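Only one chain comes next, encoded as structure tokens, the form predicted on its own.
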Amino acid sequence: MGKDVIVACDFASAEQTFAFLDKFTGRKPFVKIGMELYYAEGPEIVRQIKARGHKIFLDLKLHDIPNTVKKAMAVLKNLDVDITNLHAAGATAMMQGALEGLTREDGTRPLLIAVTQLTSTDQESMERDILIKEPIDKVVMHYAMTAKNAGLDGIVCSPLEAGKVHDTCGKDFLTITPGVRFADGEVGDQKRVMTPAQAKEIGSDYIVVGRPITAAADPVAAYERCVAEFCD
């Protein structure tokens, strides 16, 4: 898979989700299904969106003991998603267990990526709330290398860190970057952000865009603008 824009469908119901997706009569966007939608509708929403022809990033951020995560991934592997994820903070054994659970009998599996630090986290809150005193970029790079050594395909990171991740872990180690906003848009609750064009320049492989598209007056036009700035 090459560069792509992933649209965060952070809706509370299938009805709202399909009302949004029905607007896209041409190019079918890569869709992120997060906790809100998945917990509201369950695995059936994944099957329905997949049946419509969309690629899917299932964003559930698993984080538990290795055996629990392995068993959960063994269930998720049957949903035919393209990407799924977990928290790198779960450490190597958990990530390796996840890979085992996610791998199908024929050897295929979705891409598995790790969350390093959330884009809502900054240096101050990281030090104050989780007692990590190292610089945030050093923490992200350490988590990224740990994920790579565990056999994962890439990480979720701020677009501000994508270029350095590639320098540290290699150009084939994927960077999936939320925290992307248009230059003339609202930042919202994100603290480490970048425009689609800047994310492209710095080397992000995928950008995840939510409210700038889903809350736009014309979501299709906003999506096409994102694709033009990031992919073309």
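Note that residue numbering follows the sequence shown and begins at 1. Quick caveat: nothing in here was measured; it's all calculated off a predicted structure. Under this definition, the rigid core comprises the largest set of C-alpha atoms superposing within 1.5 Å between the forms.
What comes next is about the form predicted together with ligand C5P, which does not appear here.
Annotated contacts: 10, 178 and 181 all touch ligand C5P in the model of the complex [non-hydrogen atom within 4.5 angstroms]. Across the options 163-171, 202-210, 40-48, 64-72, residues that bring heavy atoms within 4.5 Å of ligand C5P in the model of the complex belong to 202-210. Taking non-hydrogen atoms only, residue 119 approaches ligand C5P to within 4.5 angstroms in the model of the complex. Contact check for residue 112: every heavy atom lies farther than 4.5 Å from ligand C5P in the model of the complex.
Contact annotation for residue 88: none of its heavy atoms lies within 4.5 Å of ligand C5P in the model of the complex. Taking the partner from elsewhere, residue 156 is found to have a heavy atom lying within 4.5 Å of ligand C5P in the model of the complex.
The partner is not shown here, but in the model of the complex the stretch 19-37 reaches within 4.5 angstroms of ligand C5P through a heavy atom at 32 alone.
When two forms of a protein are overlaid on their rigid core, residues whose CA moves 2 Å or more are considered shifted, and residue 92 is not one of them between this form and the one not shown. Core-aligned CA deviation for residue 103 between this form and the one not shown: less than 2 Å.
For residue 146, a C-alpha deviation below 2 angstroms is recorded between this form and the one not shown after rigid-core alignment.
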